[in-house]
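Below you'll find only one chain, the form predicted on its own, shown as structure tokens.
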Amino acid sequence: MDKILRIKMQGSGDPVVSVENLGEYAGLGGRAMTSMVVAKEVPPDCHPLGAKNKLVIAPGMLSGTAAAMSGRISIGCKSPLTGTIKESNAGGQAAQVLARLGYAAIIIEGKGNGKDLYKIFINKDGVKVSVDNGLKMLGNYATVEKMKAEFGEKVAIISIGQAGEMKLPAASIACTDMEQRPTRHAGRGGVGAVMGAKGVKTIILDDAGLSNRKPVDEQKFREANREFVNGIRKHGVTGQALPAYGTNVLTNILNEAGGYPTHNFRTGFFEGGAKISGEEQARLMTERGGQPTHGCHRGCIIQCSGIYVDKNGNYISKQPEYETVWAHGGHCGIDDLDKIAVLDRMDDDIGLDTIDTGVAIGVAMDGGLLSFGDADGAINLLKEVEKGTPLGRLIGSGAEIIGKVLGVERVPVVKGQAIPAYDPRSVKGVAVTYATSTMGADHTAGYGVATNILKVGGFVDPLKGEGQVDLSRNLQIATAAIDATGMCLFIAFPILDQPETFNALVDIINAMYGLNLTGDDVAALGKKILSAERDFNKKAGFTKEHDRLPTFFKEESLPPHNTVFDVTDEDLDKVYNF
């Protein structure tokens, strides 16, 4: 990956394509690349949907290699949902293919003309940008089918659905999986709206004739990768729980811990939790002939995804993940896996973040627009988004906006982004991350659940405030670095418990690039990324007062533990004291 592809959308003129050397961005990948480019090149006070914002698409440092778990892609910009810097992360095949094509980043600049939609085709021979207005207002599934018919069955495809074209703040960007289905999404922060504002509907990546990127030291690379794989497979979470039940294994765990937000964060326990659990999902898919677990990209050895089929064995969606099952399930009082799978399919097709959309529907239920538990009503709301009606556009704008329109006081967001599937009052480590993350409420930015609930990397009592700031800080630093590598975040579980697995990861990077990095160097990279993101947000007008949870988390106790979020503002302000 020795070059950057820039595509400048010119409004009324033809797009301008250029390829340049990495220059000051040499050595960067994934989130390090996206955040550094955005921090340097995007004016922090610009409008997220304007010409001065940029959409940066970057594979990780290890993407396109034989390293296990290295297929994540980062997509960055200034977020139309939060107004902050944003890196949204997805699996699928795009990262591996883009890296093999030699690009460390695609940077899309300027703005579309508001009339035409463009497709971008990239292969070893070059780049072609062309108008394709036949794609207008197609869902991701139909878009992918048209691109497969034109470019073949082996390309990787990045695309937006109707939500991205409408520039809705909860719009996602889809990446195709191994079956060429648009099921892997850079969901959070409205990155799909930025792609829509640029006038780009789809990017087709074809690596035919190319092979994996070669490490500087192939023998050391193979040995380190073997050690790394062994560490993943022998850990209880990545070697047993996730391969057996997928991410939705967490439903029963969080429900039993009293940290499963239900009926728009009113309680921490959902009576219907067992009906939508990972265990039940796996049983159902085994019975129906679906796939209880399955990789989202080649090289995945954890296999935490799956393929969900209906009672007749017909494909509905990828197996809905924990956050999706919660957002459309327990949060909304829905305990029907088939309905949740339909909602997941619709989110993927329309191009919506399942978390912000599910939370928005739950807030709408709280506001009386429909009743908790009304699965068909939730499906109808997504149909409204697909049609672009005023109500649909409100739902597709996320939880904060629909809450304001309906006069709902209990709106679980930070910096405009919906809080995910762990209640801040009973899983306080991840709550600190929600409050202080550079990108709004985001569990993946510093997954305190690992130590609070799963007892990975030690144990910090989830119901007490002590130790949560240090936990979140350390996890945010480590996560930023992992996001730069292109590795799946789930490698953090064995890394936290097994020093030899962490050392193997560092050895993989060193063998790939001929470096001599240490663990301290990895931490320094994480700090560098976070500092650049914080600096951007500060210039965009964000202060420490924005690093706060909604007040109802401090005032309303959560059954069954009857706890409140009691980490002080003063302590929250210490998270970034590196």
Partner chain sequence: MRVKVKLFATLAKGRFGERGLELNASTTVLDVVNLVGVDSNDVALIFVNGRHSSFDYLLQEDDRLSLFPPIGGG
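Positions refer to the first chain, counted from 1. Computed from a predicted structure; not experimentally measured.
Although not depicted, the form predicted together with the partner chain is the subject of the following passage.
- Although the partner is absent from this view, Met178 stays clear of the partner chain in the predicted bound form, with no non-hydrogen atom inside 4.5 angstroms.
- Contact check for Glu256: a heavy atom falls within 4.5 Å of the partner chain in the predicted bound form.
- Not displayed here, the partner chain is approached by Glu279 to within 4.5 Å at the level of heavy atoms in the predicted bound form.
- Using a 4.5 angstroms limit between non-hydrogen atoms, Gly236 touches the partner chain in the predicted bound form.
- Picking from 409 to 417, 469 to 477, 443 to 451, 110 to 118 the stretch near the partner chain in the predicted bound form, with a 4.5 Å limit on heavy atoms, gives 443 to 451.
- Site annotation in the predicted bound form: the residue of Lys404, Lys128, Lys136, Lys455 reaching within 4.5 Å of the partner chain with a heavy atom is Lys455.
- Asn252 is the sole member of Gln291, Asn123, Asn252, Gln303 with a non-hydrogen atom lying within 4.5 angstroms of the partner chain in the predicted bound form.
- Along 486 to 505, residues Phe490, Phe493 each place a heavy atom within 4.5 Å of the partner chain in the predicted bound form.
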